[in-house]
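What follows is a single chain, given as structure tokens, in the form predicted on its own.
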Amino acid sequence: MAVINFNRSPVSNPDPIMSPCAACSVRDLSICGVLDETDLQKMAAIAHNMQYSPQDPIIDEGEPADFLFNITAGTVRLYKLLPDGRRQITGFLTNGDFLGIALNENYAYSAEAVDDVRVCRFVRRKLENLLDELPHLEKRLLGLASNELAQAQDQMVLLGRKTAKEKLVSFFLMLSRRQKEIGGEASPVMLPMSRSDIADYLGLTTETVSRTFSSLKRSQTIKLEEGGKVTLPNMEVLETIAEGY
């Protein structure tokens, strides 16, 4: 992994020789997964490697949607600010996810780094030109947009009539499924985000999230490990809780 200078703003990779796609560990998971070597070089030619430290903003709600991003490492939180100043986190993106798809000329949400994040950044106009040239790439991007819509619908259910315990367990299972999708293990799940982040995603208070963590730990439904890991000992029990049974 590249060494990140925490004292500097996000920077692009100045090395024009090494293709940003050459050793990408999430290539098969991302928008690039449908490209052959020739088309991949076209994609690499318009990509810029960027690095972000924790809390760094990546995009801001309302600003021109001039860039799109493919996340190659780390976790990004998406959020909107409510009229009363409260924050509603709408999702978390990680390796292989695509960020910045906009239905109009401006971003509809903000995004910032949860931990150390690396992305490939694309100028929107250049990527749109490449999509015109490569229809299979456009189809892949539409698929990613459909997944984003499905995730938003899942969150609506999550924020509905579920209890705090059901919401938190559902969140663990969602992270577990995502880890498996990107080639990891179902358990333990990694939690780079804070309790406050989880609360703002689940529509709960930070205190409620902390109490629910403690309750699940006492009942041995989960095990809290060092390094922000949560072990899920029995998936069947967790699925039952998540469904409200």
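The numbering used is simple: start at 1 and walk along the sequence shown. Note that this is a predicted model, so its numbers are computed, not measured.
What comes next is about the form predicted together with the DNA, which is not displayed.
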Candidate stretches 58-66, 213-221, 26-34, 40-48 - the one whose heavy atoms come within 4.5 Å of the DNA in the predicted complex: 213-221
In the predicted complex, N129 touching the DNA (heavy atom, 4.5 Å): no
Close approach of L99 to the DNA in the predicted complex, 4.5 Å, heavy atom: no
4.5 angstroms heavy atom contact with the DNA in the predicted complex for L204: yes
L137 within 4.5 Å of the DNA in the predicted complex, heavy atoms: no
The DNA: the contacting residue among A164, V114, L141, M174 in the predicted complex [heavy atom, 4.5 Å]: A164
Residues from 62-99 in contact with the DNA (non-hydrogen atom within 4.5 Å) in the predicted complex: none
